[in-house]
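Presented as structure tokens, the chain that follows is alone, the form predicted alone.
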Amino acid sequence: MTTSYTAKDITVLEGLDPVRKRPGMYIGGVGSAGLHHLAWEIVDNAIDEAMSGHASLIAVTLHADGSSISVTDDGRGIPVDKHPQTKKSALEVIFTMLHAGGKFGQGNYKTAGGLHGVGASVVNALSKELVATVKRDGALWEQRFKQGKPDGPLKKVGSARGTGTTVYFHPDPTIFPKIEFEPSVIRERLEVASYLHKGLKLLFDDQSNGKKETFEHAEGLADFLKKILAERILEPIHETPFTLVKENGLRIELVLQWTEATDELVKSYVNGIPTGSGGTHENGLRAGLGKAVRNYIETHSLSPKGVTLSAEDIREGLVGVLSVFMEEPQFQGQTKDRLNNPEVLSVVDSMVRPALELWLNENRSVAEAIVGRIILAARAREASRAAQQEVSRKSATSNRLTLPGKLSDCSSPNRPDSEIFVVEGDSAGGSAKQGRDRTRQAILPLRGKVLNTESVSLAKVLENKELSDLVTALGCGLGKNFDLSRLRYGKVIILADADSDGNHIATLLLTFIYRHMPQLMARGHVYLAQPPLYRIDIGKETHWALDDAQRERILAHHGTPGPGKATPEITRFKGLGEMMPKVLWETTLNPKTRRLLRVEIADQILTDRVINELMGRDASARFRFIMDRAEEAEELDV
């Protein structure tokens, strides 16, 4: 490092250089999620044309190489005339300049998912090759790009009927360490889009395995809800769902149904963009729903004696889909994972509350079933809290243990064969809760990547809610206050997704345990679960593969498909939350069939030197480093 710091040390990135220098800022990272985000940017632009009434067909082609994609729509076609300011074609401006697009002005798009004017240019910047082909004004136009820069001018390559745009792109291998699009991920995104946009036909041509599919759903969200219930094997408590389609400044489409599940599951979207982290539209739904149900209960004098209904009680078992269409959504970042418009909360609230309250009054038998379900949830919660208050156990910070609210405890903790699964995310936690053995298996979901405790003080550790909840749930304290005799479970099992993000989370948890509760490892209480990444069906046989290498070994063992041999069907799990509860039980939770990896200090798996070395590696390398030095996986008995 130099001691001087002057103006010449300031770097100015121009054009699309910022995108190539810091891709994570625009697409969230260069892993699988970031790679697929490139496809979503182009598909969303095509869907924007459909939402504005200019397109009715979108075709997505995953080419045979598995690493390049084409997206075609029958919309108006990207303009090809000269832009008045830049004197370049509008097409070249859109693909080479950040914050350039047709969605900043009024009149071109009433609602749109792409609003920042960076989607097409970001895809171009991060592609080894991109080809944009446009049909309009009776001609066929084409322009090629390499790494974000034009590879020649816009050319008229022939005549054409109709209008539309096709974008072909191949991600840049110098940016992405692995370029392999997952057909199942693309398929799911397109299928969801067909539910959200009635009348829109989406075609998926997967040339990597020769499959073609068409998605079109006339019933929209109602069909989507049926699919969710069937996939998760959820039993509704009323036959007809509540549906709402209304427009008041923004357009809302909503479908809700209460089930026997113990968790809430609401999928939300804004202009067709999935908002996995929710936002003000979800908050408005919850507010309106809570008010409508409470008003119904009070009006009909159904309030239970001795029990106070909470918002969580009202939403327990609720499954629904919320889709909002609006002109100026304000998303949190380019990845658009959360809606931030403050005014949307009150608008959605004001539309949901009266409509749901009217529906409850018009369907009294359904309403009574829902209220009965809510009261049972409240009484179960009160009973659980009362039972916990009867148990006195010391924690790391107090003489009386208050268990974390998100811990789904087993009915018999303190048994030698009891287990706690520390799970990545609420979605995975929901599947694990439904699939577990409630007698002896507890589930503690943690949100996101936990604190890196490698060089953090104990006080800072205890300020972190996720780690504090873990310490409280285990009951044995940490640091100087650690007491193994107070450990509430025989096994502490880290259960994370079988991808690089899951590996990272597992490594951070192992680092925390080693630094602050090393006795757990020394006594053999810490385990890594090994959920499968692939399901391989060959004829009537089902095989589970932990990773790509094991998948290839299984396929090689069965040989090349041919006459008399079944063709393998391979399913890749995106995450634990996407697994059906019975599949998660069969592969990961059931002691008779699962495989666990025990992590011990005795074999010098985690020494100070090793920990320091691990922190300098990427997530996959860290996890593999630990796995290679741990004792071999063993099948465990009940």
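When you see a residue number, it is the position in the sequence shown, counting from 1. Keep in mind it's a predicted model, so treat the numbers as computed, not measured.
As for the form predicted together with a small molecule, it is not shown, yet the points below apply to it.
**Request:** Scan 329, 317, 279, 77 and let me know which has any heavy atom within 4.5 Å of the small molecule in the predicted complex.
**Result:** Result of the distance check: 77.
**Request:** Just give me the single entry in 589, 38, 46, 599 that has a non-hydrogen atom within 4.5 angstroms of the small molecule in the predicted complex.
**Result:** Exactly one listed residue reaches within 4.5 Å, namely 46.
**Request:** Please state whether every one of the three residues 68, 128 and 172 places a non-hydrogen atom within 4.5 angstroms of the small molecule in the predicted complex.
**Result:** No: none of 68, 128 and 172 comes within 4.5 Å of the small molecule in the predicted complex.
**Asked** With the partner removed from view, which of 289-297, 512-520, 69-77, 196-204 is the stretch that lies within 4.5 Å of the small molecule in the predicted complex, judged by heavy atom distances?
**Response** Result of the contact check: 69-77.
**Message:** Is residue 257 part of the interface with the small molecule in the predicted complex - any heavy atom within 4.5 Å?
**Reply:** Contact with the small molecule, no.
**Request:** Would you check, heavy atoms only and a 4.5 Å threshold, whether residue 135 touches the small molecule in the predicted complex?
**Result:** Outside the cut-off, so no.
**Item:** the small molecule contact in the predicted complex: residue 165, any heavy atom under 4.5 Å
**Value:** It does: once the small molecule is placed as it appears in the predicted complex, residue 165 has a heavy atom within 4.5 Å of it.
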